[in-house]
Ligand SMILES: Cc1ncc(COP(=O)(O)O)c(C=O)c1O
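First, one chain by itself: the form predicted on its own, in structure tokens.
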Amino acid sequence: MSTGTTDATGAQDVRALESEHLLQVYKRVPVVLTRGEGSYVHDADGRRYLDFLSGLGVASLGHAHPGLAAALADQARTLVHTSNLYFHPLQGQVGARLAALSGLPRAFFCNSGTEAVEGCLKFARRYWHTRGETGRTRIVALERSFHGRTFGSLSATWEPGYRRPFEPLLPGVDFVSPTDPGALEGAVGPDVAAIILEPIQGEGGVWPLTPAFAEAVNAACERTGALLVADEIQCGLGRTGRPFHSATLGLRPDLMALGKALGAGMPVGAILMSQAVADAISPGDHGTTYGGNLLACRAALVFLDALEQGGLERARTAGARLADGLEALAKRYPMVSDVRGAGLMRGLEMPEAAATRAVELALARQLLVNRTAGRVVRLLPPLNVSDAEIDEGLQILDRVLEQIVTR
């Protein structure tokens, strides 16, 4: 009988058991991770890796954070789940904290970023339905976007390879180039319910939106009344050294989708919204079984405490150090054609074969990064990563790029 503990041996058995019983939708790296501490994780064979991927931005405070572990243990001994039929003490606290950070006064809690996007799309349509404009249903999204893999979120995701096997998807979604403000102006008319965007497009290649495009978004929303949905799942909650990157760009979202960093490893997502949107929603319009449970909210409060008690400043300082180091590598290795991102969300663009090789060689040297959009090596270290850990990661990347060049 399973005791719920992690067996640190038998990596081959772990992989064999998965291959027999799990749906094979992940192309996993053949490493079995069993424990972590801070910015490092350990595998079943005893190797230690510097984690500059943080579970795709989820482990925002690193691994086995003592404060998080203590809070979760305490909450598990007290009360984990009640359902949303009843009040509990923590949802309101998390909602108030997020409202103070974002300026959006209402929150709905769910379990993931993808669910948050789904809710944003529903609420945008509900807003116009409540106002009697039932034909106002169209969504404008951006090329290079990634918003998730559920039906609605996938419909607003641009990559054809993700979409094609599941078409026809949600109707009335149109895509415009994030480099063409004029195209946005032409696409947003009186039938558009909402524009949805990532202030920094993560899966699409770590592309920050330009100030010019952000201005065009604001202008289109002002001209037509279309709602703005900001997908801050990857770039929000301190990742760029600011609470939300939409504010850095001067964007004014009516709805915001959050996930990843908020639970510091626990599954939790949130939809933030203006009072005007909230006023258009009625009881029974949306719901969730697990969303906003006490364990998830307790994790969110630990994360928000850390973010507000020096975490934002640390992310800014660490992000600047990382950016300087990556720019130096780009100057040394011309195959790096671009360094993009903000704060602790960075991407190195290079030829696809080199990017693939860089991820493999980094793993061999015990640094975890990944490749996205074909040509981009993505880095998402924990928000509390130390200067020494940043320097260690940069040194490994230096050796990796040198090995590719001299191969």
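Keep in mind that what you see is a predicted model, and the values were worked out from it rather than measured. In case it trips you up, residue 1 is the first one in the sequence shown, and so on.
The same protein also has a form predicted in complex with the named molecule, omitted here; what follows describes it.
- Stretch 141-149 is the contacting one of 321-329, 302-310, 141-149, 207-215, since its residues have non-hydrogen atoms within 4.5 Å of the named molecule in the predicted complex.
- Screening Ser112, Thr240, Ser246, Asn293 for any heavy atom within 4.5 Å of the named molecule in the predicted complex leaves a single hit, Ser112.
- Proximity of Glu118 to the named molecule in the predicted complex: non-hydrogen atoms within 4.5 Å are absent; the residue sits far from the partner.
- Taking the partner from the other structure, the named molecule in the predicted complex has a heavy atom within 4.5 Å of a heavy atom of Glu203.
- The closest non-hydrogen atom of Ser155 lies beyond 4.5 Å of the named molecule in the predicted complex.
- Using a 4.5 angstroms threshold between heavy atoms, Ala124 stays clear of the named molecule in the predicted complex.
- Taking the named molecule as it sits in the predicted complex, the stretch 223-238 comes within 4.5 angstroms of it through a non-hydrogen atom at Asp231, Ile233, Gln234.
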